[in-house]
Ligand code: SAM
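Here you get one chain, nothing else, as structure tokens; it is the form predicted alone.
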Amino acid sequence: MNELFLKRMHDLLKDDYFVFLKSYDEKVRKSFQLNTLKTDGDILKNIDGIEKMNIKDGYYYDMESLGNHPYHHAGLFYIQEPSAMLPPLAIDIKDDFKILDLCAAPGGKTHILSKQVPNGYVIANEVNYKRSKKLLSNVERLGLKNVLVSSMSVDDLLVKYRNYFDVVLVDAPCSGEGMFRKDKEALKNWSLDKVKELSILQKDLLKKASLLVNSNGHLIYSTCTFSKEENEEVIKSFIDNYDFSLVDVKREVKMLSTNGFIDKVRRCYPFIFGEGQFIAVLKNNQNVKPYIACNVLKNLSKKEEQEYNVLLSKYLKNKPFILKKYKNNIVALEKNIEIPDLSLLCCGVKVGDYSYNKFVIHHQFVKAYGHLFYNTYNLNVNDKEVIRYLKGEEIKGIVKDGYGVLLVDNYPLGLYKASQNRLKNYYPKGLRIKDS
């Protein structure tokens, strides 16, 4: 490893340095966060080598890979490094909170936040547009119904959302020192100059993110790196200049981490839990006035409402959602929420496209509400037809003609169109399993 990095870690950890060094010879434990919005965990009996972690909905697994497992395609879990699960669980979150995940891609922390606010919502933002598409893909796969996806700079967000959110999570871009056991490329790209450059960026990002937090709201700052420059020094600089105070993290997070180098911040190392994580929770002590914008969601016209109700009644057993219009899209929402004007990649669950008297159901709608369809074809996870479907192939099954949803152990995978017991594949091409 880089000698300068090792020297810095020796200076940082002192007596714990050799324990830290030894951890690099140990096996990296793989883990996932169960998606309890879809499953109560009944599927776990079908996956070998599962072990519960000391964290809500977290599990270790021993399989070589779970990324192409049918349950992963069904959105029943999110593969995530253990310590990366901690920041969204660091504080008590009320179920109606408005939350911003500022640097959200690829979506693991968004998933955990979403589960905590059934009566609120999460705006998952990723400034890098390419990465925001990956974020959107994971939001769709997991069937998250209360997540809005955007790709905006923090400056643009400030125009729309100043002092608006109850919680803002800043999982800041960092040098990734905590990922060196897993990611050799991150180690190759490390330099002290990069650490110092990122520290400047992080200070600016945290300052601007604080302006998005409402009175008594919380700012969660996290990184997956070890350097003081990117962690404690960023926090110290911030609280010296702004009316925010550090608060304790929740007990379950405290138990899986160790003290940082200033009071109340927390750190993870490979010899403690997971790979590497820094967490600081800051409370806004200012009395600020939230920005109130017009609601971007519009009601459907009577004609549109009637048309979509007739269309959906052909497919669904019931309709546990309300329909709204976002720009030219008809979207399904579980709650009647107001959302300030914002350019969004995803706003609620897109129902489908209706043009030229033809209605095409959107994949996102299938992932969120596929279990409610009249026409379904349910396969066991070990059935070879499941993998054939995930590869994009046509499969056979005794089903009614027309559109339906393929299920794996009663969980939606994707859409098909049946004709004479042949199921034409509508699984999106970009998601299909590719032969190695």
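Fair warning: this is a prediction, and the values are worked out from it, not measured in the lab. In case it trips you up, residue 1 is the first one in the sequence shown, and so on.
Same protein, other form: the form predicted together with S-adenosylmethionine (SAM), not shown, and the subject of what follows.
Visitor: Please determine, with the chain shown alone, which of 261-269, 332-340, 101-109, 183-191 has non-hydrogen atoms within 4.5 Å of S-adenosylmethionine (SAM) in the model of the complex.
Guide: Contact criterion met by 101-109 only.
Visitor: Considering non-hydrogen atoms and a 4.5 Å limit, which listed residue (173, 290, 120, 352) is close to S-adenosylmethionine (SAM) in the model of the complex?
Guide: Looking at 173, 290, 120, 352 one by one, just 173 meets the 4.5 Å heavy-atom criterion.
Visitor: Consider the chain as shown here, without its partner, and state which of 345, 361, 211, 127 has a heavy atom within 4.5 Å of S-adenosylmethionine (SAM) in the model of the complex.
Guide: So the residue touching S-adenosylmethionine (SAM) in the model of the complex, by this definition, is 127.
Visitor: How about residue 201: is it within 4.5 Å of S-adenosylmethionine (SAM) in the model of the complex, going by heavy atoms?
Guide: Although S-adenosylmethionine (SAM) is absent here, residue 201 would touch it in the model of the complex, with heavy atoms inside 4.5 Å.
Visitor: Quick check on residue 236: any heavy atom within 4.5 Å of S-adenosylmethionine (SAM) in the model of the complex?
Guide: No, residue 236 sits far enough from S-adenosylmethionine (SAM) in the model of the complex that none of its heavy atoms falls within 4.5 Å.
Visitor: Is residue 91 close enough to touch S-adenosylmethionine (SAM) in the model of the complex, meaning at least one heavy atom pair within 4.5 Å?
Guide: Residue 91: no contact with S-adenosylmethionine (SAM) in the model of the complex.
Visitor: At the 4.5 Å heavy atom threshold, is residue 131 in contact with S-adenosylmethionine (SAM) in the model of the complex?
Guide: Contact check for residue 131: yes, within 4.5 Å of S-adenosylmethionine (SAM) in the model of the complex.
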